[in-house]
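In the form predicted alone, a lone chain appears below as structure tokens.
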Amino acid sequence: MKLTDDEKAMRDGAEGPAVAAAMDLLVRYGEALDCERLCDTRNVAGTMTQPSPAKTRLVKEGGWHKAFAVINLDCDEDIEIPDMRVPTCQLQHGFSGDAEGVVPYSKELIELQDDAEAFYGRRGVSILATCTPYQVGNLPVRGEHCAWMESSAVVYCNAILGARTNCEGTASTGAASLTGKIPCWGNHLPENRYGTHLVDVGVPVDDFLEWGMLGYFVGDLVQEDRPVITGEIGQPELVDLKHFGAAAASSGGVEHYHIPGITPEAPSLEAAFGPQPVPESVHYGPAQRLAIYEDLNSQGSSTDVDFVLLGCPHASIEQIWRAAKALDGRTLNSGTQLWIVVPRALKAVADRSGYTETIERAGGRLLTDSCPAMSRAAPTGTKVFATDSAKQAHYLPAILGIDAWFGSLEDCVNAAVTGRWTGGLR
């Protein structure tokens, strides 16, 4: 790799051993990618505070300095971790104190995480604790180089905000936090941001459910390539694009997409494909829509629902409001739990707006900072769950060994109230 004088000085220890270890990691990472240089970043979203058995052991051995060195820098040396060099935020992590008595999740892990938050907060890490940092203050500008983890956040960052990031990992984001550098490859390069596939939508896609199913179809179709979407699509809201990207990143590995006239790098169809000719389109019509719905519901057998999950990626304030309206004046089935997972900052808004009171009066819970997939925790005894998230319907059966039903928010609320799944494609 071609390093600048500043980068060489960091590598050689001019800013201390932790920064040197971080630069060494980035150089090794870049060389493995056959990358020629690093680029500057001032926006890092990673994971430092989430608890794990390995982290518990490392903290006992040498404190949080040791844990960060090993897990976030791939360094076994005894070094002290300085303040972060660039603005850095913590993505979602384990469940927090508001989950005690609700989620089967260890109190010791909650306490370990609280300790981690204090350590990293003093070093310049903003504990946003959400997979949707763009909903609570982390909004990079178009063209800005970022170093973000979390597949649904990465695709939103690239496609909707027009910033530039690859899907980074725990170590690369840790190193970027201390150096302000990240290998300049993949989505950082303009030539790698043009569309590769054209999808023509032949059925109306104009609500949350439909955007999720379209995303799941597109991800399976293109895998890690970059789809361009045209056709019968309505004006999407933030939550629709959040759901679309998360679904596409789950069934495939989509990190960037274009919707001409909506996403910032595609003012036109031709602009979306850049120097390449517009390819022949792949059709998404009634048959493909039905097949996707059936696929997402192929992991449900019993219609008895123990657990309903809303908010993946973490719910927006509008989603919380809609859930509160759907639950107002109703009561959950005695054998069914409803969790709505949200950013803590938006939980505060929901509290002040009265939405939390309405949801809790019905028997539901707003939980912050994590989700069942991240923390591998669902209500004890859960066999069947229902969700409006294509991402959770994709992952949670494999992670927790439970059946899944996928449908609209209204379908899920009805399941929570009746204890039975009656949803269907309309």
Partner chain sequence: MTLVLHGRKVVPGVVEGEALVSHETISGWGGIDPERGVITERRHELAGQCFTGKILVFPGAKGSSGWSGFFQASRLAGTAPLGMIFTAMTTKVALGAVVTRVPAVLVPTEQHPLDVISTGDWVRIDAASGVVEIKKSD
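Residue numbers count along the first chain shown, from 1. Worth saying up front: this structure is predicted, and the values here are computed from it rather than measured.
Beyond the structure shown, there is the form predicted in complex with the partner chain, which is absent from this document and is the topic of what follows.
Undergrad: Which one of these stretches, 120 to 128, 334 to 342, 194 to 202, 162 to 170, sits within 4.5 Å of the partner chain in the predicted complex when only heavy atoms are counted?
TA: Heavy-atom contact with the partner occurs in 162 to 170.
Undergrad: If the criterion is a non-hydrogen atom within 4.5 angstroms, does every one of Leu109, Glu237 and Leu241 touch the partner chain in the predicted complex?
TA: No, none of the three is in contact.
Undergrad: Heavy atoms within 4.5 Å of the partner chain in the predicted complex: does Arg28 have any?
TA: Arg28: contacts the partner chain in the predicted complex.
Undergrad: If you check in the predicted complex, is Gly363 within 4.5 Å of the partner chain, heavy atoms only?
TA: Gly363 lies outside the contact set for the partner chain.
Undergrad: Within 4.5 Å, heavy atoms only: does Pro397 come near the partner chain in the predicted complex?
TA: Yes, Pro397 sits close enough to the partner chain in the predicted complex that at least one of its heavy atoms falls within 4.5 Å.
Undergrad: Are any of the heavy atoms in Val59 no more than 4.5 Å from a heavy atom of the partner chain in the predicted complex?
TA: Close contact is absent here: in the predicted complex, Val59 is far from the partner chain, nothing within 4.5 Å, heavy atoms only.
Undergrad: The partner chain isn't shown here, but in the predicted complex which of Val349, Ile71, Met84, Ala326 has a heavy atom within 4.5 Å of it?
TA: Selected option: Ile71.
Undergrad: Go through Ile233, Met149, Cys184, Ile317 and name the one with a heavy atom inside 4.5 Å of the partner chain in the predicted complex.
TA: Only one listed residue qualifies here, and that residue is Met149.
Undergrad: Could you list the residues in 287 to 320 that come within 4.5 Å of the partner chain in the predicted complex, counting only heavy atoms and keeping sequence order?
TA: Counting only heavy atoms within 4.5 Å of the partner chain in the predicted complex, the contacting residues of 287 to 320 are Asp295, Ser298, Gln299.
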